[in-house]
Structures are given as structure tokens and as C-alpha cells.
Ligand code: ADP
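One chain follows as C-alpha cells, the form predicted alone.
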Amino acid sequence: MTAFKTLDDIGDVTGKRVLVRVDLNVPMNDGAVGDRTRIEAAMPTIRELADKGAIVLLLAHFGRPKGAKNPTQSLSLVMGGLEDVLGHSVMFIPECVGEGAKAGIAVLAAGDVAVLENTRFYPGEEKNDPAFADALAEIGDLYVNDAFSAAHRAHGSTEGIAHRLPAYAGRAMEAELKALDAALGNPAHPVAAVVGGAKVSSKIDVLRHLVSKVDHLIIGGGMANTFLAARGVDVGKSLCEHDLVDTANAIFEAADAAGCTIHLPYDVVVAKEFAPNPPTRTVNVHEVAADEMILDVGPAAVEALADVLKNCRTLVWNGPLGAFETPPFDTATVALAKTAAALTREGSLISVAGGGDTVAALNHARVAGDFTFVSTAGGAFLEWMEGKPLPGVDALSQ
């Protein structure tokens, strides 16, 4: 794992201006914050720095304003939710660089917390313009990155500034990087990966990377149908990318060469229509009728997959096994998630999951709290699973 400094290395911060990159890109409902998960994730870092007497200056983006000021995407809109979670008032500064920002910061005292305006209101942010990174560095003494979810972007507030001020990982970032290292960086073997979702095309790079890293690759969701088709199975009306059969075969070959076992379902739940609770059949994959579609993994395959997990030490999970938003096609995902949670609770499995659909599926199965670590990052988690460098993380390395 890349070595990086954490808040433990930061020293005395009394009266120092600490720029903290957080993720405040939260969903809104009727002008109020709809989901506070990301705000809550930033709290340990914010509170620790404020308690130590720092002047805490929060940097974040909100929406995609494309480098122009837009009142509907101002971070002033999330202030209510932020103050509620923090439990005291936070100052809003309507600029994030320049004289306006400096004037706002000048009135802050040790232990105060302020939010600077949306970094993406400035064209220099997404371009990672050196002049913008310089301007950010001018208003702070230290930099802390606590936004893993934005770490796959080389932006001014995630990458550029880290080269201009002493840079540290916040508590959420530190926890994320440690969990990811335990999952794929330096894991206890055997390692299993569950990769689901609708399309192989969106996860080709993930699958190619994982076959060289894991001992067991469990493929579910619509993407399993493409792999079944590559094995000569007639998948009927199922979602299937027939044009990617050659890609699937190349992944089979790479897995063989790497000693990785690919697990595909051998019994499946099929229906003639994709709707809640339609008439279904559970059949062997070779018995799917021409007018049927595969919508979930069958119970015998789930039991076999549970046995695989019982023999593994580490699990990485991204994507559901079936069309889990539509009952009863959540059955396999819930069952395997409960097995992984039970193995984690008893201490035999390290389980790391991530991606929006995955978090929703684990919450639906009521087991998210039992996994070793659940990442709320979408794109950054996927790029990490692809083995790609994350600029925001690399910039923190000592």
C-alpha cells in the first residue's frame, strides 16, 4: 500500500487553516438534504480537527455546474444538513479562492468550521489548473483529503493542492484505503470476488483485473448471461451482450492462466416478463425457454456459492446477483449477502463491498453493518477494482 500521512502525523494545528476536501455532493429533497451518509462520513475528521483548535475550511463540489456559478448548485443549500449533523453553526463563505475567501476566513477563530463555495464553480477545478491550485493553497496552511469518492478525479481540490501544502488523509479516507488494501492490495487468500450488474461492457476492465488477483470470481446479474452464452448456453430472451462473447472467452482464458475459478450459475430463476412477482420457474441453465428471461440465480447455485465463501478469507463485492430491485429476484443476492455477513461476524471472512447498487442491495438485505467495510464511493471504487491509479490518493503518498 502507498504510504501516506494521516491526522496522527499532523502535529499542533491550533489556529492553523486546514483545508479539508470532503464529499458534500448529497441528494436533495425539496431543498433539504435527503441522505446524510456522506456528511456523517466526514464528521470524525471535522470534529477531530476542530477539537484540536484548527480553523476547518471545507472544500467540496456539488452537482456539475461546469465551471460557472449557479445558485441551484451552491453549497449554501447543504448548510442546514451539515449543521444538524455537526450540532453547531457553520459559516458559509460564498467564494473558495481569492480576496472574498480570505476576508471570510479572516473572521474565523480556532475551532470554527466553514464551508467554502462549490469548487466546480471555477473552471480551474476540473482542469486541475496550477493557478487555481495555487489560489487554494494561498488560503490554507495544511491540506486534508477525506473524499475517497472524488479521488479518481485529478482536480484542483483533490490532486493539485496536495502538491502545494503538507497533505494528509482524513479518517474516512484512511479507513477506506486500509480496507481496500486488505481486500485486493495485500489480502488474505483465498480471495473471492462477486461481480454483478446488468452489462459486461461496463465492467470489462474490472473482470480482466480481478482474474489476476482473486482465486474465485463469482459472476452474477445480467452479465452472467453473456458468459453463459459464451459457454454455449441458450439464454432465451435474457439481457445478454452477444457481441461480447469473444471478450467473455478471453476472460475465461485469462482466468485459467491465472489459476482463478470463474463461477457461473447452473440453476436460474426465469420469467416471461420482467415485473414484480410474475409467474417464475427455477430451471437448469440448459432449460431456459426461448420466450423466458433469466432474472436471478437459483437456490442450488447460491448454496454452492455459499460453500465457496466458507472456504475463503477475503471477499470483494460489487453488484447484485439478480434484478434485486424487483421481487422475488432479490432472493439470491439477499441469501449470499447474509452468508457473507455471518462469516464476517464469526471472524472467518474479511468482506469489502462498494458501488451504489451494492450498498442498496446490502441495505435491502439488512447486512451492510455486518460487512467489514462498505464503500459509498461509486466511480472511485470501480476504478480501484479496475486496478487504475487514483490521482487523489497518489498525491497523498509521502
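When you see a residue number, it is the position in the sequence shown, counting from 1. The structure presented is a predicted model; accordingly, all values stated were derived computationally and were not measured.
In what follows, reference is made to the form predicted in complex with adenosine-5'-diphosphate (ADP), a form of this protein that is not presented.
Heavy atoms within 4.5 Å of adenosine-5'-diphosphate (ADP) in the predicted complex are found in exactly one of 54-62, 40-48, 357-365, 339-347, that being 357-365.
Contact check at 4.5 Å (heavy atoms) against adenosine-5'-diphosphate (ADP) in the predicted complex: all three of Gly196, Asn318 and Ala323 pass. Out of the listed residues Leu210, Ile294, Ile219, Cys96, Ile294 is the one that sits within 4.5 Å of adenosine-5'-diphosphate (ADP) in the predicted complex by at least one heavy atom.
The partner is absent here; in the predicted complex, the one residue of Lys203, His155, Arg120, His152 having a heavy atom within 4.5 Å of adenosine-5'-diphosphate (ADP) is Lys203. The closest heavy atom approach of Val233 to adenosine-5'-diphosphate (ADP) in the predicted complex falls outside 4.5 Å. In the predicted complex, adenosine-5'-diphosphate (ADP) sits within 4.5 Å of a heavy atom belonging to Leu239.
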